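Presented below, as structure tokens, is a lone chain in the form predicted alone.
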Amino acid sequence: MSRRKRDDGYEHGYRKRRRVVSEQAEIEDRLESLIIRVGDKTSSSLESNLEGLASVLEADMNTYKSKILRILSECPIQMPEKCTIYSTLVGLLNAKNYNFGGEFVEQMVRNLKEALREGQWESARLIVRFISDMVNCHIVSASSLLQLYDSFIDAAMEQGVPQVRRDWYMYALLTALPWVGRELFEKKENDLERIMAAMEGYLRRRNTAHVAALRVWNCDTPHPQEEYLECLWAQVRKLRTDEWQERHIYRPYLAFDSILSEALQHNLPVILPPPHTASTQYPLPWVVFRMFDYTDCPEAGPLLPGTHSVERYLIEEHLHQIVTRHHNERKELATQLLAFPQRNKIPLEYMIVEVLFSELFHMPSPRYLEISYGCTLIELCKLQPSTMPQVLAQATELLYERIDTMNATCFDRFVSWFSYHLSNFQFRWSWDDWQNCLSLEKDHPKAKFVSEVFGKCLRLSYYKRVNEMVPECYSPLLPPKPEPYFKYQTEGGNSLPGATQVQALTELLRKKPTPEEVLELIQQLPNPLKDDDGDMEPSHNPLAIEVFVQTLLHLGSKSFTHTFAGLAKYHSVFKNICENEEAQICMLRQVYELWQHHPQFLGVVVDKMLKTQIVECCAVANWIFSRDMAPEFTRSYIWEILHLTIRKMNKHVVRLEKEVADARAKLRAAPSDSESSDDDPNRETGEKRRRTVSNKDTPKDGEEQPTEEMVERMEERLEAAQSDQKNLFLIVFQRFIMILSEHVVRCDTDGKDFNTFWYQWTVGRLQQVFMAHHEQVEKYSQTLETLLFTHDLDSNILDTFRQFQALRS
């Protein structure tokens, strides 16, 4: 045979194999598309689509079984709103092919065990719900499902483990019962009552000290703010009273009852929850957000389901799932929310707004970026201009009326959302309706809210625009014009100490001198802290700091770029004159004095100084709690600066922890030196082998393989950073305790009520620090309890710490 003929034969065989592979991939893609799209709107009925798809999958079962199993087991988790559709499809396949049904049940059990082991709690919960729904389709036996429930009850009753773990197992059962409750009621009523009794006993005994820290409002008027398990338990009890009949879940398997009832059922194997480990993270509890009831909705429209009706829970969960699937695409999210099934049976706009605000106000932090909810609400107003803007305006009015009892964290989010929303609608609002805030104290939540909204609007617009957008009577609440206050250019500024040097330094800086030249000039300034007779050298020169910082920042006040250039060029001068914490606090005072009328610029400058290590985090914390900042203590921007400072420290520690962990992993992957001695002829091969580690831990080009000494140095840096982090939290919480305790004692002495607006704001900010940084603060909880939050502390302050401790208990 000639070479040409051999080549032609090879090419023909290759093309044939490639064509077969291509055809297989095409069929697999088609099957995946059919499975994913089942239940979407089509011209034919869902029942006929399910029958047709079951026949198609049955025909391709022998060839594509593994692919079908994988897709069908993933769809109910990725698209939980189609849970009953997929359980019906699997039920039809089980009726046709008992062995496939058994393999599918085994696959779901494996997925559940893996999700529990990996801490994928939401996936595990949805799998439990889907397995429960498979009982309705005669795929899984009711008795084996009850065995699974019993194992979850046992996990919930386990002692010596965090309550958040036990809560999750109880929550997983409660959320599954609306799907399978009726079936169990008809076939296993006594067992179902036993399960309900065990749940009731657990819920009666559990600790709920954490609830106060998670509530949006600290009062239950007009709507009770219930903890999620207690609310869900009340809804399930109401469902039991109604003999487990609900009116929301679409159950397509009822149309196939004659087929499914003849199918053989499978028994679930024994599923034991994995044991608790110290590194396992469990979902945090939350409080159910309530803003509307049926009286807030139009009388002519559909009724809002009651707070304790299971339909309220099912609809809200469905809306939350839509947010989860589409949160990255605001337009698609808005479209999907408005296309909600059964939308004509409920006041959809009200429920959407309530769900989105519940996401925005979720404690301790929202699931997604705060601005994403604002964007979604704007898209909803565009898509539904006849109703959505009115509902949103009504919601805003309700929030404003209840703002007196809103916690500080949600207050900040409300301010940010409302100012952003106004900026997208030309800052138009019925300001006349809120004029009552003008007669209130400046620290009253309503007056504070309006003032903070004006300040945020200023960041999103310009001073003249904000000044024109509101009636003139609001001028006391408007922020001052955002410009630097350079005292040396004010009346009488020439007579201030250092005025001559300020002029000289200004002229020098305009010539773009070197850092050394600048340092030489400011070192000539006299030190007011220095005693004529004193032998001790002062820790810093406040006059030199004042002259340099104010002059440099004033010259760079045209833009952030100018300021950053000045900080970068004269970084060494800053480090030289601000070597210790006292000097850094003195410098921050000067930054504040210059930018006191422009909080945004002040925050940006402090952030840049932290990034460039001109100031340390502890210095910023001490400056915020100093007496100089007392007038600003209730303003939101101060707490923005504190939180960005804490986050910067936390990110630094997290980065070092990751570096140490990666280095340790690379070191473990490399063979030890003892594997090849100095006289080993294969030493070179051993060195190569030491450098050849797994792909995950292989050093990149130019990276050095870490040694034990290098890792030890990295661990030392990590320990130092963790020590700084602990010290920062100790400073923050100690300052909170000091100022709150002083306030309480002073009020007791004067015979006044200590529960003032100032006190409420300060306790709210303390709670905010605990909640916003709970993962990091938890590591030092024992130290805080031993050193600061002791039993002799005022109970009002101590309660905040106890609520934080109960969060993960």
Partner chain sequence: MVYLHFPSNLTEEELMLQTKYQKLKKKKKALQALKAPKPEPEKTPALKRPAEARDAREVAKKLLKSGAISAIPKPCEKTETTGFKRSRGLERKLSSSDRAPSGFQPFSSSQGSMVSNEEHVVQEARTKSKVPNLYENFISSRETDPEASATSPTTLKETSGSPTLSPLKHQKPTVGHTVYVFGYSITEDILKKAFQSFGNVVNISMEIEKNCGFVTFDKTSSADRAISEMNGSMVSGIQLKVSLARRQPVIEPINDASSSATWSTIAARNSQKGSYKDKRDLVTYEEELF
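Numbering follows the first chain given and starts at 1. Source: prediction; values computed, not measured.
Quick note: we don't show the form predicted in complex with the partner chain, though the next part is all about it.
At the 4.5 Å threshold, heavy atoms of residue 84 stay clear of the partner chain in the predicted bound form, well away from it. Under a 4.5 angstroms non-hydrogen atom cutoff, the partner chain in the predicted bound form lacks residue 173 among its neighbouring residues.
For residue 339, no non-hydrogen atom is located within 4.5 Å of the partner chain in the predicted bound form, even though that partner is not displayed.
When the partner chain is considered in the predicted bound form, residue 300 lines it closely, a heavy atom lying within 4.5 Å. The stretch that touches the partner chain in the predicted bound form, counting heavy atoms within 4.5 Å, is 302 to 310, out of 620 to 628, 302 to 310, 654 to 662, 723 to 731. With the partner removed from view, the residue among 318, 402, 113, 713 that has a non-hydrogen atom within 4.5 Å of the partner chain in the predicted bound form turns out to be 402. Contact with the partner chain in the predicted bound form, judged by any heavy atom within 4.5 Å, is made by just one of 277, 539, 559, 261: 559. In the predicted bound form, 190, 193, 194, 197, 200 are the residues of 181 to 213 with at least one heavy atom within 4.5 Å of the partner chain, listed from first to last.
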